[in-house]
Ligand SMILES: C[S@@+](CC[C@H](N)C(=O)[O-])C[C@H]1O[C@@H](n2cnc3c(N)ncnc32)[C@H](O)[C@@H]1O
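Just one chain follows, in the form predicted alone, and it is written as structure tokens.
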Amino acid sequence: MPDLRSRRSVSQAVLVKLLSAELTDWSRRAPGRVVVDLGGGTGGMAMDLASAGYRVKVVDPSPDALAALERRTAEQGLIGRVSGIQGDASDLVDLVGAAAADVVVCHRVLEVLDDPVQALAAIQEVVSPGGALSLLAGQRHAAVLTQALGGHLAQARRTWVDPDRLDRDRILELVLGAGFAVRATHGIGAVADHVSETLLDAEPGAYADLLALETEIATDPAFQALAPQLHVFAVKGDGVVGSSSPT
């Protein structure tokens, strides 16, 4: 019987695993159970967090995504733990309230915004003192490599010189500039995103090995720079952790 876990992206599984570990460690010092998931869509991350005991407010501009979120919440028996709010980063404070969230999740959103500085300022205002930020953002180097290997060389060159494309240094600069202290960084998908689903289905133990490998290399700076996504876990305010970024 095929391993049903292989139907889920290994990268997503690694992200959930790493974020859960960071939240568990953080909550020992600053317990909190209210999460705002900015751009959370149909609830891919919200369902995992709600199942772990958090109350999650998903903020998303798409009414269709929020309708799907509502159906998914009911199907998984999480009514009362997950709710949807229509909106985006520009009106986040008005929608949620200042210092109203123990954790803000902002995954795969920052790189598509016109003003990431403004978005992170809004997130910082929404997070309570000592609260946490889980940020996942796409990176330029991986996009260039993927486009080039796919034969889209002109597109790869445009991506390389695009000043709005983010990389590890710029992402950390934005997070620190918004007043967060970085606790951990993880590269997501550096290897897994290049492994075919066919291999995972056909090779016994491949899923477990790939999951272990991705977890092991996630903190390596070289793999982080090449990963399609960089995950940053940070906390708001001084005195909780150091304010300098990890090496």
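Only a predicted model underlies this, so the values are computations on that prediction, with no experimental measurement involved. So that there is no doubt, residue numbering starts at 1 and follows the sequence shown.
The form predicted in complex with the named molecule is left out here; the points below concern that form.
Among the residues 79, 112, 98, 153, the one placing a heavy atom within 4.5 Å of the named molecule in the predicted bound form is 112.
In summary, among the residues 88, 167, 102, 125, the only one with a non-hydrogen atom within 4.5 Å of the named molecule in the predicted bound form is 88.
Of the stretches 196 to 204, 181 to 189, 211 to 219, 36 to 44, only 36 to 44 has residues with a heavy atom within 4.5 Å of the named molecule in the predicted bound form. By the criterion of a heavy atom within 4.5 Å, residue 108 is counted among the residues contacting the named molecule in the predicted bound form. Contact annotation: residue 60 falls within 4.5 Å of the named molecule in the predicted bound form, judged by heavy atom distances.
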